[in-house]
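We begin with a single chain expressed as structure tokens, specifically the form predicted alone.
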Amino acid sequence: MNGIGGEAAAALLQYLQEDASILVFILNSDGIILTSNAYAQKLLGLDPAGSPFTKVLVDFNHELALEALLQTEQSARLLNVTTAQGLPQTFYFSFRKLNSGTLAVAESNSLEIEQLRQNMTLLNTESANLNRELHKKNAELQKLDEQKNQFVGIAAHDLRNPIGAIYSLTSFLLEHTDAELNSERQEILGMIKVSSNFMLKLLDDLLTIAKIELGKLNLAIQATDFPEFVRRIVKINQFLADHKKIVLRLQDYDTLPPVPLDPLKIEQVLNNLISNAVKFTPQGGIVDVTFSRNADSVVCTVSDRGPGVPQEDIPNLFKAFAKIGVKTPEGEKSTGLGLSIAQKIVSGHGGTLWYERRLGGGSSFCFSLPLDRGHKLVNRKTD
């Protein structure tokens, strides 16, 4: 290096070898890399010594000729280098002849870097704009969802009275029929009664869902004697199960402290789980209702001996209007809302509702309720 003292030249060489953010390769006369600096090795992810120089380059057009390449001493040439991540990176390469080979030096393409920065800035701006638009759309969707729930609630409320009148009048006609009403007409009235009763249940469920979705799950939490509470509900449901000669068997293993819950809401959950179990249990079968205590919660389980839930239907069990691929033994209808409502009620209590396959066949639906009486859950909004 003409004009540079020995000590300065040595310092410059050390800098180029160890610290400079440029690529430095020394090639022999056959284009084999003899040595490279630290930056080149870090970029490539290896020490390329002994490899042909063309191996570290990306030849997109398959036109790289080493001899012609090494002759370009007068001007820098844009070439792509394969990085350790397998991605091409563009550098300006310059070549200088040495006594026994070639010196190849490359620096970053500043124009490319600047273009990348501009593209990143543009992408960040677009991302921020999209994010704002997404928040706006989410707010609009939330408002529309609230309007939908309000409409469903109003419609269900307004429809309930006329359908209730149809059910009551049909029941009256069936109870006070005379000899002139033939069996065919009695059958038609019976069908009207069954259908109107189903519609009343559906409307009640729609009203409940609408209230919950609007955040109006108002829980009247009170300390409750859980064993006595469950016994009473099982006894009531036994009368409804008698027509199928199904036995509701209660097994309570643990004594419990008073459990904080809303009796009306949890009774709705238990009635739904027990009625479902009765629907899917063959005539003369058994439905088990059990409860036990965990470290910080009470767990209640309702098990039937029916066909069980198909594996493909399990993920949708607790979704509104979910239907499963198994029919009840007597073809009873379901609104498809009961389990969704039950899950939201249990969630509102800070608990969990889940499904398990019963050992030996059938289904088990379990729910947990926290025992922490200091947990404030009134007016809690569920997801």
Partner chain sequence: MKVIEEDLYLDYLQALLSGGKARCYDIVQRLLSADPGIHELYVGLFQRSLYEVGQLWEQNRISVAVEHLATAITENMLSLVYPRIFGAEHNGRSAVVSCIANEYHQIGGRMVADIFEMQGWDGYFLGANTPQTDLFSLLDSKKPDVLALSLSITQNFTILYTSIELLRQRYPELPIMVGGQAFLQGGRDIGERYPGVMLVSSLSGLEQLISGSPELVSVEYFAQGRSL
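Rigid core (definition): largest C-alpha set, two forms, superposition within 1.5 Å. Predicted model, so just to flag it, every value in this text is computed and none were measured. Residue numbers count along the first chain shown, from 1.
Below: the form predicted in complex with its partner chain, not depicted.
Can you pick the stretch from 133-141, 183-191, 97-105, 220-228 whose heavy atoms fall within 4.5 Å of its partner chain in the model of the complex?
Careful reading of the contacts points to 133-141.
Give a yes or no on whether every one of Arg117, Thr121 and Ala128 sits within 4.5 angstroms of its partner chain in the model of the complex by heavy atom.
Yes, each of Arg117, Thr121 and Ala128 comes within 4.5 Å of its partner chain in the model of the complex.
Note that its partner chain is not shown here; using its position in the model of the complex, name the residues of 257-292 with a heavy atom within 4.5 Å of it, in sequence order.
Contacting residues: none.
Core-aligned C-alpha movement of Ser168 between the shown form and the other one, 2 Å or more:
No, because once the rigid core is superposed, the C-alpha of Ser168 moves less than 2 Å between the shown form and the other one.
At a 2 Å cut-off on C-alpha positions, does Lys136 qualify as shifted between the shown form and the other one after fitting the rigid core?
Indeed, Lys136 is displaced by 2 Å or more.
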